[in-house]
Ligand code: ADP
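So this first bit is one chain, no partners, the form predicted alone, shown in structure tokens.
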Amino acid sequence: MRRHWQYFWLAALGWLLVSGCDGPPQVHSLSGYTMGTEWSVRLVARPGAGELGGVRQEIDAALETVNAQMSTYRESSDISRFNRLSPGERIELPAEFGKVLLAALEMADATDGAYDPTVGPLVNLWGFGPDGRRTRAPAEEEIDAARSRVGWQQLEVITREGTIELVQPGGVYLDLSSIAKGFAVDLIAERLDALGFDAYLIDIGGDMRMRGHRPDGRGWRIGIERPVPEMRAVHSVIAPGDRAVATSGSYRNFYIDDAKERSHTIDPRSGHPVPPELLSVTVLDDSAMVADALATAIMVLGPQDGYAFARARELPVLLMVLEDDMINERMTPAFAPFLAEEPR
């Protein structure tokens, strides 16, 4: 009954905000900070559509759900509690956590471990996790020790009677940062749909999902950044329609050690950061969660295998590759129809 009244309240609030007052629709913007990055939501509604405080509460509640369950930066989160379990102990996962984990394991299987939600020990070791930053590469002995704790096949997932339990095999450290942000975008989209909004653009640190049209009647346009560290420039513009877009890149979050770039994207198979040749990967999908995971997986697979993976599955993907000091693009045939000819 409580859930029934919750959705009744959402529907009523949404009707008030979307119907609003007379006049043409306008874009209303909300923003904040979460998961170490900025978020923004742009809603199309009538002018004077009332206070957006209720909408913001729904967005904040969605973000809190993801952080409370899947943030490795919170000691009280469900994922942190799992990471601290002793061998053989288990935890019952909340529904959202379970959904994200199953999607992550499916991606791990599809990529033969190029994507691996147990990569956390290596992410932390290289200085890109909650253990803090570093400026020097770890020793090979440390890398080998961390790799011994990595391997998605070690996880035992028990599903029964609508519940999901996860068994800690010992030393496994889950890190869902490469998929949870996309899931948060999808969760916000669900809340906005429940409120009755049919036009919006959600962005959490570059993971986006959009629906409907802008007030001028055109669809949303998204600029894909040219992957150059010292500048902000648009490489191309796409028209995704009612889809999600995720971009993963190696050109922003890295450090230099021994004249080598150490990217925050770690290959769980080698234990080392991915090579710098593949600068960025942009993926379109119906789900921001899937697009988020795919972008990371293709980054790890690299410019050749990653492109082949996307091409074989007819995925709309754009790769930006550094070749002979030039930035070149590799676009799958499925991506080309989304290029926008009209200006943003």
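Every value quoted in this text rests on a predicted model; they were computed, and no experiment measured them. Just count from 1 along the sequence shown to find any residue number.
In what follows, reference is made to the form predicted together with adenosine-5'-diphosphate (ADP), a form of this protein that is not presented.
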Region of this chain that lies against adenosine-5'-diphosphate (ADP) in the model of the complex, out of 187-195, 78-86, 216-224, 264-272 [heavy atom, 4.5 Å]: 264-272
Just one of 123, 172, 101, 238 has a heavy atom within 4.5 angstroms of adenosine-5'-diphosphate (ADP) in the model of the complex, so which one? 123
Answer option from 146, 166, 201, 114, heavy atom within 4.5 Å of adenosine-5'-diphosphate (ADP) in the model of the complex: 114
Decide yes or no: are 128, 247 and 300 jointly within 4.5 Å of adenosine-5'-diphosphate (ADP) in the model of the complex, with each residue judged by its heavy atoms? yes
Can you check whether residue 177 is within 4.5 Å of adenosine-5'-diphosphate (ADP) in the model of the complex, heavy atom basis? yes
Does residue 210 reach adenosine-5'-diphosphate (ADP) in the model of the complex if we count a contact as any heavy atom within 4.5 Å? no
Would residue 243 count as touching adenosine-5'-diphosphate (ADP) in the model of the complex under a 4.5 Å heavy atom rule? no
If we define contact as a non-hydrogen atom of the residue within 4.5 angstroms of the partner, is residue 282 a contact of adenosine-5'-diphosphate (ADP) in the model of the complex? no
Any residue of 271-302 that, in the model of the complex, places a heavy atom within 4.5 Å of adenosine-5'-diphosphate (ADP): 292, 296, 300
